[in-house]
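We begin with a single chain expressed as structure tokens, specifically the form predicted on its own.
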Amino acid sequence: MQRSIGFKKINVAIFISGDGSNLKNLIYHSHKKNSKFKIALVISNVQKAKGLNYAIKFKIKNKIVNYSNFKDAEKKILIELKKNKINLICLAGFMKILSKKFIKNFNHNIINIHPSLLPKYKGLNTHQRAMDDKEKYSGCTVHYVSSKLDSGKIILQKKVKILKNDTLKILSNRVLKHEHLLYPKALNKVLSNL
């Protein structure tokens, strides 16, 4: 299933739904001299996602996919991925769950960044839940996407201490800074194994 692609940069697609700060960060890393990947496509399920501005700014092909019909949406995305010779998908704040069929049909690695220390706090509102449970740490995890939500094999994780005066916003922003360090590191680790 996975084949070595030599020195050629690997075509990556980034899926977003919002601000795109992880997308912006990955674009920056893709332009580094020894980068193993090229962002060839950005997919968004939200027409006005702020992150699309980064795709436009850096002249990256982007596609807005209407999810009112889930099956159609996934079909359209698979066509785009094939057309652009995408070898890997990075989910970066993409607020849709990919179906088992989609994962099977794509037949390459899909990775996701999640704002918690998986397997704890799958799904949404992760930092709030960690604070409500009086956890000492929150954090972020990059993992492979499987058909079960936030349950794929963990690639890398970063613990972030929850401080006494933390609000949801302060903690979220602190974890986000670590996401920006962790995601490119995890992506390079995945690409080294291709």
Ligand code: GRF
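When you see a residue number, it is the position in the sequence shown, counting from 1. Here the structure is a predicted model, which is why all the values come from computation and not from measurement.
The same protein also has a form predicted together with the named molecule, omitted here; what follows describes it.
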**Asked** Any chance I113 has a heavy atom within 4.5 Å of the named molecule in the predicted bound form?
**Response** yes
Please tell me whether any heavy atom belonging to S21 falls inside 4.5 Å of a heavy atom of the named molecule, as the geometry stands in the predicted bound form. yes
Exercise for the section: Indicate whether the named molecule has at least one heavy atom within 4.5 Å of a heavy atom of A92 in the predicted bound form. Expected result: yes
**Report entry** Contact flag, L171 vs the named molecule in the predicted bound form, heavy atom cut 4.5 Å
**Finding:** no
Applying a 4.5 angstroms cut-off on non-hydrogen atoms, the residues of 177 to 194 near the named molecule in the predicted bound form are E179
